[in-house]
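In structure tokens, the next block holds one chain alone, the form predicted alone.
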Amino acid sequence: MAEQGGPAAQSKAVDESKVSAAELKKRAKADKQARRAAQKEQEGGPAEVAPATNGAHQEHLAQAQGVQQDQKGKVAHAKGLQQPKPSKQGGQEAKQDRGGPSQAQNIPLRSRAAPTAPSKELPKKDNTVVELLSHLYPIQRRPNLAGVSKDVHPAVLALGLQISTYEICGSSARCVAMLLAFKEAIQAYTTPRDTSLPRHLVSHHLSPQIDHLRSCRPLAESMGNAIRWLKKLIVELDPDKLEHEAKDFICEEIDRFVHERITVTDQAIAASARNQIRTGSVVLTYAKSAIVEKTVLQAHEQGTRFRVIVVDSRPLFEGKRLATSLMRAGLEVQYVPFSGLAHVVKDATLVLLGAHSMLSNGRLQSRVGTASIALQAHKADVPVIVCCESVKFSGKVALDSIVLNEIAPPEELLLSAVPEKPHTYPVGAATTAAVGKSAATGKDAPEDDEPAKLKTLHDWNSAANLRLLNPMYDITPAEYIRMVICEYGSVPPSSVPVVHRLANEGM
């Protein structure tokens, strides 16, 4: 390396000056490619490089850097500028050249580790959500009053707890209770300065009450129709009307709505439906409907002798309360679980069903299991009659239970009685769950001193491939329904959208 700084180097520099600019550009490009290749070898190669190879690389890089520095010096001198300082890399390489090959050999080359991309953690799947019905899980039911807005009225808070615990369960009962709670909230309202009651009441006072009820449980169709009617009533008020007069007027209209659209309507429907029950009839009903209960009791008070079959199912067992009420009234009642439906439907002469909502395509949305009741009755040629108020009629359309539904907490499907001591398999027993060969894999299970715990349905949340689905409603096809009895009379399922336009859209 020391010889490179002598006469040979000077003669080489003189030869470089005779080379054309195009040749120098080509050499610089080749030197640049050589440096890139050397850099790639250093990054991807081993941690230590052989000394001879290292020295050769250093000499090659130093020569290339010297050529570049000479060219820069000539250009700067021609323009009258000061020659630029050598780069840091060139200075280090020159120092290595002056230090001789022994110093260059003692400097090990470090290999850079290839950068690794940061690992992205996959989001943890929710064990409680069924993927097919994930669109029905937008809002979790509020389990308690933690985090409730301060604008929610105490009467609405109490109603939310009653709705979420099924103390108030029916669609009509929830609608009436909601309107009565709104009456108390409206009476406690005070209009702020520089605004009017019609503009401020709905958006700033009534909306928090509605949002809280929706967080406790999704609103029924009757509740939605009542809320739309109430909002329209408020915004159409005269802004110049005194506050106490406006609030009294709203409360009076709420009472009138409950009386005309629910109370009197139920009486009219029951009076019309009881004529379908004749002496010797066997009436089959499912779960509990307030309007069906009123119909059966009115028919019994008329002196008609008939029998009632109440079919019930988990998890709410609403039919128990209906059977108890009818027995206390003196009726002959047969209480049957859902599994015995195919047997008792042969004895029925009439099926009376309540409704959560009547859809515009004539289909019935009611408690889950209703579609099976109507299907079995249709096969046995038993007429199916639906008793439903027009406030429950909807402009929505659904063909199955996947699009429109309410998903209840899956824990409601579990039995309340949990065994204190879970079953265990004894050690050494030839079972597939503890010790021995598995029937599924044929491999020996690992032996353990502790007994293996037998999992039950209460451990569903820890099971990898188990989901519990608890839908509240199903959809009954219109061809299974003989007629729909409402306050407008007995209509076929195809007339539901007409009644809905008359009763709800024009109110």
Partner chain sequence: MPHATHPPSPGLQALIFCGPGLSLNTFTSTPSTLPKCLLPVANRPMLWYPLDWCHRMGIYDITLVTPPDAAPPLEAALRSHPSLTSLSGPRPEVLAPKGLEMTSGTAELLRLGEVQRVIKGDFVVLSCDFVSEVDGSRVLQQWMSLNPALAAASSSRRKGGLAIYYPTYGGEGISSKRDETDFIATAPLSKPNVMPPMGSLRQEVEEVVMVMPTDTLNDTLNENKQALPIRQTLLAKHGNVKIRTKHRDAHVYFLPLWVKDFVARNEKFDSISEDVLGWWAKAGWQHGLAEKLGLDEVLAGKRSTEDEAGNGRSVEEEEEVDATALSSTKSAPAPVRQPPQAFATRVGNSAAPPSRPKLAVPPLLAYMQPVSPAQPLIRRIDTAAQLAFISLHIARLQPSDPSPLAHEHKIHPSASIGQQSRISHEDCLIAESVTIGIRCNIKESVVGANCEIGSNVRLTKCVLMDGVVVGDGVQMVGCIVGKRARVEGTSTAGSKSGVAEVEGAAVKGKGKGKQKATAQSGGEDDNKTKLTECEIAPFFVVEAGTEAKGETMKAFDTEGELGGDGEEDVGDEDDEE
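Quantities reported herein were computed from a predicted structural model and do not represent experimental measurements. Numbering follows the first chain given and starts at 1.
What comes next is about the form predicted in complex with the partner chain, which is not displayed.
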Of these, 145 to 153, 371 to 379, 198 to 206, 270 to 278, which stretch puts a heavy atom within 4.5 angstroms of the partner chain in the model of the complex? 145 to 153
State yes or no: in the model of the complex, is some non-hydrogen atom of Pro315 no more than 4.5 angstroms from a non-hydrogen atom of the partner chain? yes
Does Asp255 reach the partner chain in the model of the complex, with heavy atoms at most 4.5 Å apart? yes
Residue-level contact is defined here as any heavy atom of the residue lying within 4.5 Å of the partner chain in the model of the complex; does Gly224 satisfy this criterion? no
Report yes if any heavy atom of Arg328 sits within 4.5 Å of a heavy atom of the partner chain in the model of the complex; otherwise report no. yes
Just one of Cys216, Leu350, Cys169, Leu230 has a heavy atom within 4.5 angstroms of the partner chain in the model of the complex, so which one? Cys169
May I ask you to choose, among Asp238, Asp400, Glu243, Glu184, the residue with a heavy atom within 4.5 Å of the partner chain in the model of the complex? Glu184
With the distance limit set at 4.5 angstroms and only heavy atoms considered, check whether Asp248, Asp266 and Leu414 all reach the partner chain in the model of the complex. yes
Of the residues spanning 159 to 180, the ones with some heavy atom within 4.5 Å of the partner chain in the model of the complex are Leu161, Gln162, Thr165, Tyr166, Glu167, Ile168, Cys169, Gly170, Ser172, Ala173, Val176, Ala177, Leu180
